[in-house]
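Listed next as structure tokens is one chain, alone, in the form predicted on its own.
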């Protein structure tokens, strides 16, 4: 016998950070496109206006990253638990989750990972977020800050290979972050409805079914029941 239950999956600081970060990154991608390709993209008026908005969005993303880091490190204390893949995640969890994303989802099979407040991310998400949040975002932020302070950092930039190297590095990192954004949005639609995974990031609550001592998402249990009955 199972019953529906609501779990509080996304606390308010996390939701604020998520949407602030999302708005900032989208703004960075669009303004960055105009800065890089002004002859093809002109959404923000003048070139200087695009640069000002780009720099402002970069500061917002840097501040939101700090909010995320300090919340999970100092307040919640769950940074390692949520974002660092465990041995089992690396040995078999990533492969199992990849098979689900690429094959089993389209065959109606259940997701092998069931999100809980203490284990929100599947092995692939942990690995991706580890690279994104601990490598990509800090490097994009640092190279962006350097581009905003070229004159004071002139000697350092010369030692690192010059302005062209810095601009090229920042652009390639930004392209990687933009590619992650599209992938992230696509994977977020793979719930029992296209917007099922968006709801917890808006309200904080996700509906699950309590079955014994295990909490499973409603859509996963529904798929499992269909599979058993077939």
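Numbering follows the first chain given and starts at 1. Predicted model only: the values in this text are computed from it and were never measured.
This protein has a second form, the form predicted together with a small molecule, left out of what is shown; the following refers to that one.
Option from 38-46, 196-204, 165-173, 51-59 whose residues, in the model of the complex, bring a heavy atom within 4.5 Å of the small molecule: Contact criterion met by 196-204 only.
The single option of 133, 94, 147, 157 touching the small molecule in the model of the complex, heavy atom within 4.5 Å: Contact with the small molecule in the model of the complex is made by 133 alone.
4.5 angstroms heavy atom contact with the small molecule in the model of the complex for residue 129: Although the small molecule is absent here, residue 129 would touch it in the model of the complex, with heavy atoms inside 4.5 Å.
Any non-hydrogen atom of residue 100 within 4.5 angstroms of the small molecule in the model of the complex: Judged by the heavy-atom cut-off of 4.5 Å, residue 100 is well away from the small molecule in the model of the complex.
Distance check, residue 67 to the small molecule in the model of the complex, heavy atom within 4.5 Å: It does not: once the small molecule is placed as it appears in the model of the complex, residue 67 has no heavy atom within 4.5 Å of it.
Residue 104: touches the small molecule in the model of the complex, heavy atom cutoff 4.5 angstroms: No - in the model of the complex, heavy atoms of residue 104 and the small molecule never come within 4.5 Å of each other.
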